[in-house]
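As structure tokens, one chain now follows by itself in the form predicted on its own.
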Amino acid sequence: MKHYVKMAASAIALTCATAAFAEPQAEVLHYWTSGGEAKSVAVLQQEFADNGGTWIDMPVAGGGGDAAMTALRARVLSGNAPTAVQLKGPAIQEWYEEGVLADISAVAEAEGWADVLPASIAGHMKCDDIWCAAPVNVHRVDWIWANADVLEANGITMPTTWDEFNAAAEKLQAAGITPLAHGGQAWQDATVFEAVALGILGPDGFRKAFVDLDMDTLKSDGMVAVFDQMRTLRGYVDDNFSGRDWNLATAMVINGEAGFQIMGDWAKGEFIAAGKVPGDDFLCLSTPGDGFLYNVDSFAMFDVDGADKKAGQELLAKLTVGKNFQKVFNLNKGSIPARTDVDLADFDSCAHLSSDDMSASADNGSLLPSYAHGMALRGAQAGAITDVVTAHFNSDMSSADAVQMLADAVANSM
């Protein structure tokens, strides 16, 4: 009996030692596949390898992440979940409710995440009282990007109101230049729509409409005005926009084929990857109006078996929120660090503007989660809104009809 106990104890000790010294392994499902994005995720791959880990890359193309989520569901249903997945917002909570996420609280507590992450950002990373995801960055969604030479050649300054934007677009159109680079994909339509909505409805109106789903706001005259501006913007898009990926729209601005693009600051990563300099080659300014729409990328850790995979999750979580990766990744990606204690001295003017605006918006209550990028609403409600936005953008539907359809779609999705 004593011999058996000794053998059992030895077996347990060996298992623990194996877990402690297991080579970290992480299969990472993500949709960072464009030039600037691929360069950014390569930073984490290298740091993971430098710390003794083996990274198994699983990129799924598609800027909105829909294809990646389809691939994820298939993997989870087959009982073979990836180690870590690029997720955000309520989608994290939805997967947690399905009982498939891992608890990484030990890493979060050891690294002091609660002390260096804004409360609003930390809230998205928690499932009930446990940490289940690691934030990578903070993207601002409501940006206008412009080709500096194109604007200067046509006597245009960056617009601060929608009327100014429309006037600038008319001038570009008269000069034979596409005013607005855009890709006809649902998530891109939604990105432009929510930027317009923030400017016209204001922060309080935006919160009521796209966070609280307040029916009076969804059916308001202000919402009619939002769809009116979307109809105007539709007239500034070239005929070949349908199905165009967002980074190809950015390339139109980079190459001087178009004057403006309304897109989150991941677009800046494309400018930077192309060797362009902010303030000289391209310009950035928030879309007209007050407020700040944020989109936070993160890695959610899925419940997996194997000491090597668990070690991989712990290492990946630690490195993701670490100061070095937060700095280097966001310098490449175009976003700003999720950590508040990262030195921004090496960041460009657009990043400094984003950081300053985020702080000011957090103070005055206008720091708002993006509905278009999965931060404000669950899938059914967000999808219902986007379906209406895309239907309106690609037809002659009146703004009044769009507003009624919007209210009906939201009500039916509840």
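Computed from a prediction, not measured in an experiment: that's the story for all the values here. The first residue of the shown sequence is 1; numbering continues from there.
Same protein, other form: the form predicted in complex with a small molecule, not shown, and the subject of what follows.
A heavy atom within 4.5 Å of the small molecule in the predicted complex is found for exactly one of Phe227, Phe282, Trp143, Trp246: Trp246.
Think of it this way: in the predicted complex, the small molecule has a heavy atom of just one of Gly35, Gly53, Gly64, Gly383 within 4.5 Å, and the residue is Gly64. For the chain shown alone, Asp297 is a contact residue for the small molecule in the predicted complex, at least one non-hydrogen atom being within 4.5 angstroms. Interface residue remark: Tyr31 is counted as part of the site for the small molecule in the predicted complex, having a heavy atom within 4.5 Å.
Among heavy atoms of Thr178, none comes within 4.5 Å of the small molecule in the predicted complex.
The small molecule in the predicted complex comes within 4.5 Å of no heavy atom belonging to Gln261. Contact check for Gln86, His139 and His373: all three have a heavy atom within 4.5 Å of the small molecule in the predicted complex. Contact with the small molecule in the predicted complex, defined as any heavy atom within 4.5 Å, is confined among 109 to 117, 289 to 297, 251 to 259, 305 to 313 to 289 to 297.
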